[in-house]
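Only one chain is included here, represented as structure tokens and corresponding to the form predicted on its own.
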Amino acid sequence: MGETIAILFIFFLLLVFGMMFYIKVLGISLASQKEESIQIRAVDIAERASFLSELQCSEENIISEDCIDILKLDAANQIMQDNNEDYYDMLGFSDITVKEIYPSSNSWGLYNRVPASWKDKIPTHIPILLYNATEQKYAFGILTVAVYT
């Protein structure tokens, strides 16, 4: 009878250690999946911001990739700030800015919606061309999309 109780005790002890190990591995896996989904969402919002039709360069109805028209940018700057709630479905809690690097240093804040309490900020920097249609000149810039979690 004592041997049976000892064997059952050891069996349940091993079972408890096995469950603790399994729960620990499951917790690490869930944290990894959560971090991955946050990164995917940040990339998705950055992609949406870089392809906003309100900003893209076009010439004779042909859209250029990775190019933002400065005239459209000036107009969209005020429109997006006035209609911040309308862009929330597409851009979520994020901060989108465009900064001209060369030949001058201008900056435009397009969209800014920060949650009341946030844990992490994931910035994504996208190199772009800025096209000035009045002077027909290009400039180098960076589109910065910071996503809040």
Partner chain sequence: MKIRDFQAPFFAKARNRKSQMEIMGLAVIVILVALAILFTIRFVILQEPAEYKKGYTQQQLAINMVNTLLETTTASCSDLLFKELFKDCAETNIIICDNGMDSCSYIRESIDTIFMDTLETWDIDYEFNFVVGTNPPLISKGSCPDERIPGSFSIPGAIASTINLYIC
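Source: prediction; values computed, not measured. Positions refer to the first chain, counted from 1.
The form predicted together with its partner chain exists for this protein as well; it is not shown, and the discussion that follows is about that form.
Between 54 to 62, 86 to 94, 28 to 36, 109 to 117, the stretch whose residues reach within 4.5 angstroms of its partner chain in the predicted complex through a non-hydrogen atom is 28 to 36. The closest heavy atom approach of I10 to its partner chain in the predicted complex falls within 4.5 Å. With a 4.5 Å cutoff on heavy atoms, I122 counts as touching its partner chain in the predicted complex. L14 belongs to the set of residues with a heavy atom inside 4.5 Å of its partner chain in the predicted complex. Among residues of the shown chain, L129 is one whose heavy atoms approach its partner chain to within 4.5 Å in the predicted complex.
Residues are counted as partner-facing when one of their heavy atoms sits within 4.5 Å of its partner chain in the predicted complex; in 71 to 102 these are I101, Y102, in sequence order.
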